[in-house]
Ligand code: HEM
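Shown here is one chain on its own, the form predicted alone, set out as structure tokens.
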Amino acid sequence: MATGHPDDAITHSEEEYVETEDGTRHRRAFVDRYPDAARIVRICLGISFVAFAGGALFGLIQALHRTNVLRIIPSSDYYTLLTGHGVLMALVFTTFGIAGLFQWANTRSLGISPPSSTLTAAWLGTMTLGTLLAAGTIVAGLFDSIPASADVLFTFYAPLKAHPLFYVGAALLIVGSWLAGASYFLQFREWRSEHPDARIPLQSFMVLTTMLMWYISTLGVAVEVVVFLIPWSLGLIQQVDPLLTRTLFWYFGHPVVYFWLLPAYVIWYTVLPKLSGGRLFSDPLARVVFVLFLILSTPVGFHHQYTDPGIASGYKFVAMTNTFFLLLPSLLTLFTVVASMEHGARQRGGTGYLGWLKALPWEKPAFAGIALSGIMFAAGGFSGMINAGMNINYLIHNTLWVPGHFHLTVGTAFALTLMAVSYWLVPQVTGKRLQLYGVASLQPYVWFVGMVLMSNAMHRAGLAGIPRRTAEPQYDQFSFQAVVGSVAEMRVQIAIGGTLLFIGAAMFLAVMLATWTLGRPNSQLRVNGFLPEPMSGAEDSPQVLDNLKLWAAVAIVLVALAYGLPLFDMVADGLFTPGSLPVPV
């Protein structure tokens, strides 16, 4: 088993280098130092990219269909593609992509290879099987000859019902992610046994806090699927309580946003400063941010249920308050990441209050994509504040504003970050030079422009009241009045933006495919994977920040306070049917 320094990113040990025949020393690639971990990263990223390709195709068809620009499917199949787009993009692409990023980050920062090949095979196999079952059931809905379908959308709660295989697949995907987390923690335990008094390396700290949040938040959807939806879809129980299943889903449905976001934060905090030419401004602030997300991410789900009459307004007010608390770690991130970028730009010769921005390496695809994703996330944060407010949320609830918002979060903050960092990371885990560099350099800007067009039009359409989740947003006896522009212009803008996004996705996939298949193995590392020390290190922060048990306990207490009484009220009114006894008789 390969071991190393607790933070090999800042160590210049001899085993990090290889000497070529001409006597030149080069830093060894990640694939050479940790071949087993690199193989896991490649598998995860490969599956993630395949899901991304399918989700992008479904998204293009949707965008052209609902804007009435091009219709190649019947409207009844629109909802199948909508479900496929949501599940492939928001669950499969993200979960496998995150598993790959976290395996790289945990291994690199701890200097220890994955502890158990059996456990690794188990979580990879479980997640893959779950993906095949869920995705296969969705696609089967396009064929009348196959008695299976799952037109339940990404938000798969009752009363919409899918085939049992869809729910089994979703459950297996989540269980597999739990096992992946267990592997990360076992890596950490092995490292801790050798470094009992050391501070947790920053990237590993980020991985572990994110997985603790994931464990807590996925309990809700696990109970929803296993206790209610699978038995219901099998006919073992006749009814379920839609309000209870919605609540259990949204208990998970908002923190999953941070499960997408925090891996992007790992890259923004640890890789982006290096790509900018500098160093992370503050390790302590990064740790504070991840602790805040751990304790605040889950007790906010009721802000997705402001219009549900079965939930008391007081519970919704608590959720709204908790949601606005989440602005703090986001603003801390804005400060820290921008300060780190400015430091790098000034190291590169940048001057002036804003002139330093011109000194940043905007021509490099990894930097450009990650930086642009942060800009788009800031815009998504502003629209998210509208979603969070109880009163103003009613103006945009279930309108196109909502997908306009989350296409800025998962659709850009995470997706563009993963694409961009892949230009930097894939050569390190394959040992191959990045191919089609010119295409890669242009791709982040194509995606960025496409998202600006589509998301802008979606937000304005939401203000006009145009609904989401419908194949036919046109009505014979009613016409929507746009606040800015016209409805026809917004449809065209959504269609153009969606097309550009598809082109951007195709460009990225072409670069990855060419790199994987055409790139030649090279012992000389073509991408410098070295990550410099922060300007303010872990030693400048209190030791208590590394007490993961404490922060997990605080998070659980906050969840119990936010959800205990509401869930008791729902169960007391009937576990499966409102108005029945709490326990079936």
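Note that this is a predicted model, so its numbers are computed, not measured. Note that residue numbering follows the sequence shown and begins at 1.
Below, we turn to the form predicted in complex with the ligand, even though it does not appear here.
Transferring the ligand from its position in the model of the complex by superimposing the surrounding C-alpha atoms leaves no ligand atom within 2.4 angstroms of any backbone or C-beta atom of the displayed chain; the site is open. The chain is drawn here without the ligand; in the model of the complex, the stretch among 179-187, 454-462, 123-131, 98-106 whose residues come within 4.5 Å of it by any heavy atom is 454-462. Though the ligand is absent from this view, in the model of the complex it lies within 4.5 Å of a heavy atom of just one residue from 163, 303, 85, 246, which is 85. 411 is the sole member of 255, 411, 201, 111 with a non-hydrogen atom within 4.5 Å of the ligand in the model of the complex. Though the partner is left out of this view, residue 237 does not reach within 4.5 Å of the ligand in the model of the complex, counting heavy atoms only. Although the partner is absent here, residue 52 sits close enough that one of its heavy atoms falls within 4.5 Å of the ligand in the model of the complex. Although the partner is absent here, residue 59 lies within 4.5 Å of the ligand in the model of the complex, judged by heavy atoms. Contact between residue 154 and the ligand in the model of the complex is found at the 4.5 Å heavy atom cutoff. Taken together, the three residues 89, 93 and 498 all come within 4.5 Å of the ligand in the model of the complex, as judged by their closest heavy atom. Contacts with the ligand in the model of the complex, taken as any heavy atom within 4.5 Å, map within 435-449 to 447 alone.
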